[in-house]
Structures are given as C-alpha cells and as structure tokens.
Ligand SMILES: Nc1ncnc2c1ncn2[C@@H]1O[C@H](COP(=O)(O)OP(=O)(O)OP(=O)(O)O)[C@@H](O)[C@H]1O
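One chain comes next, on its own, written as structure tokens: the form predicted alone.
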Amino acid sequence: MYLRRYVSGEIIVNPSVFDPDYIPEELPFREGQLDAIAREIAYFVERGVKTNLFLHGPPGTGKTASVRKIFNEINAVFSNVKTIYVNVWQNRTRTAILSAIASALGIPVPVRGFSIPELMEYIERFTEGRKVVLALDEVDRLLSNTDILYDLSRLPSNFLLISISNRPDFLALVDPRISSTLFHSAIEFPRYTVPQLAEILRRRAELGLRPGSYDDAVLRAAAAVGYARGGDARIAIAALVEAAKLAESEGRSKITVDDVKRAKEGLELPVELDPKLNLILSILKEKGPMRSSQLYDEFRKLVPVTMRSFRNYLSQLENLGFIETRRLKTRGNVRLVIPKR
C-alpha cells in the first residue's frame, strides 16, 4: 500500500503548524515590529490619531504574519473596528481591489459590478461611523497600476492603511503627492539570520514533529536553505517539512541532514513573476552572468523600457532571491548580474 506509510507517518504529527497560513502564538524576532504596528492602531482606534503604515522587507520575513496576528488581536479587543486584508497579486485590477474591499464590508455587489465611483461611494457609506484597518499585501504590483493608489488616497479618514511590500524603494517610485498621503511611517522587516531561522524551526518542530525525529543539525541545515533564499522563513519551514516527508517515505523515524539537502533540490519558490521579470531570467539562463548594461541592451531588443524601469526589475528579482548583483572592480558603477537558480 503506497498511502499507508503517509497516513500514519512516524515524524509529522501536527501538519497544521507548517501551513503557510498558520499564525503562531509568538513571532520571535519581530517583537519590535509588532509593537510598532499595535501602537499606531491603538492610537488610531482610541484617540483618532491616524498614521498609515508601510511594512517592507524581503519575502518570508514575517510581514504578513505580523499583520494577521495584530488583526486577530484587533478582532478580539475592539468590537467597532473592521479589519480587511487584500492581496494585490490575487486582486490585480483597480476594480478587483475595490470590489474585494466592498465584499469584506458586506456590500452586495451585483453581477454587473459597480463603477469605480460607485464602489468608492458605497465603501464610504458602509463604513460611516466605523473605523477600518485595511491591509494591502504585495503592493509592489501597484507600481504598474497607480490609479488604485489615487483611489486609496481618497478613502475617508476612518480608514487606516497598512501597505506590505517586498521593496524598500517602493515609496521612491510612487508619486510624492500620493505617497505623502498613503505612507506615513515605515517599518522594516530585515531578513532572518541562520540562528534566527533555526529558532523559528525549533518552535515549529516542537509543535509539529515527533520528539526525537530531528536534531539541531537538521534544523540548521533547513535554516541555511531559507537563508540562501533571502532569509525566507517560509522556505526554511518548507525545507524541513519536505525532508520529513522524505524520511517518512523511506520508513525512517528520524530526519537527516541529507534529507534536507535532497529536499532543497526539489523545492520550488512559490512566487508568481511578471512576464518581464521572467524574460530577464530567460536571457540570463541562456547567456549566463552579464554586466547590467549588456543585459539591459539584450532586454531592450525585446521590450522597449527605460533604464530606470529596468533597474527596478533587477531590484525586484534580487529581493526575491532570483539574481545577485555584484559591483565590479572597475571604473564607474559597473555591476555583474548573476542568476541564482
């Protein structure tokens, strides 16, 4: 029986703690960020002092988990505050984002949909006299759809906006008239170190794996996988889980470092890329490491783009861990672009 070995595995006893949507009771190494978010929300709800927040840091550094944790606290503490979470990658258009907000507010949207002015009017009407904390995840995508940023800047004063981005330079790329309205206070989420990732894995393993099925070397190996992908805790957790599955599939009751190494080879980063970013990666895959100016010339043959936009694309790929850029020891700011996967 192929299924039997997985139905009653020897290692994974609580798979839910490894789920991407799982929010632990404590988020280690993010106490300062959690406190900063909670402080601004408390001032907003209790005193009417509004400070929109901009959370930034590489993927897998606890930004979304921190917001979801604070949202859970808001819902437990305040009865008159509505929390709304919208992922911009899943709601890609101006209408989709506003419709998602409307739906979360319980606004009945007809099959034909609403126009933008209608959506804005209904959102304002349905939230009158009530405070709303709105989180927009993956706002990087809005760089190509700034109309929605203008819409958000027109939301009434009873809305507090939390924007979540993988890019620290996002604010510099947005019209100052909009950024000054939408983004007041920036909170950085730095990439996790190997010891920090190992501690995060230890806490998950204590809840989700059978005692004695792993050791510190296994946790450090899985932590190193996450660190190599930009300090990404989600990747480190996935590496540990996949290693556990490999051990179970072979009838063993203990994970080895070799299991982690094998798991790493088959691990795919769950990131959906813009076609332009994929095009840059395909050029690098074909030609290998290139100077950024050479890569720009090759890319421009296929897509008319300014150097500034091209640099933004490279920044996105580097933040996501797909490439590495190194400054060459030559005159001027000459950089070598190296594919990492």
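It should be emphasised that the depicted structure is a prediction, and the values quoted were computed from it without experimental measurement. Numbers follow the displayed sequence, beginning with 1.
Here the subject shifts to the form predicted together with the ligand, a form of this protein not shown in this document.
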Inset, instruction - Spot the stretch among 311 to 319, 36 to 44, 285 to 293, 64 to 72 with residues whose non-hydrogen atoms come within 4.5 Å of the ligand in the model of the complex. - result: 64 to 72
Inset, instruction - Considering only heavy atoms, tell me if residue 27 and the ligand come within 4.5 Å of each other in the model of the complex. - result: yes
Inset, instruction - Give a yes or no for residue 151: in the model of the complex, does one of its heavy atoms lie within 4.5 Å of a heavy atom belonging to the ligand? - result: no
Legend entry - residue 163 within 4.5 Å of the ligand in the model of the complex, heavy atoms: no
Inset, instruction - Report whether the minimum heavy atom distance between residue 214 and the ligand in the model of the complex is within 4.5 Å. - result: no
Inset, instruction - Scan 220, 234, 94, 131 and let me know which has any heavy atom within 4.5 Å of the ligand in the model of the complex. - result: 234
Legend entry - Heavy atom within 4.5 Å of the ligand in the model of the complex - the one residue of 263, 209, 200, 225 that qualifies: 200
Inset, instruction - Check each residue of 184 to 211 against the ligand in the model of the complex and list those with a heavy atom within 4.5 Å, in sequence order. - result: 192, 200, 204
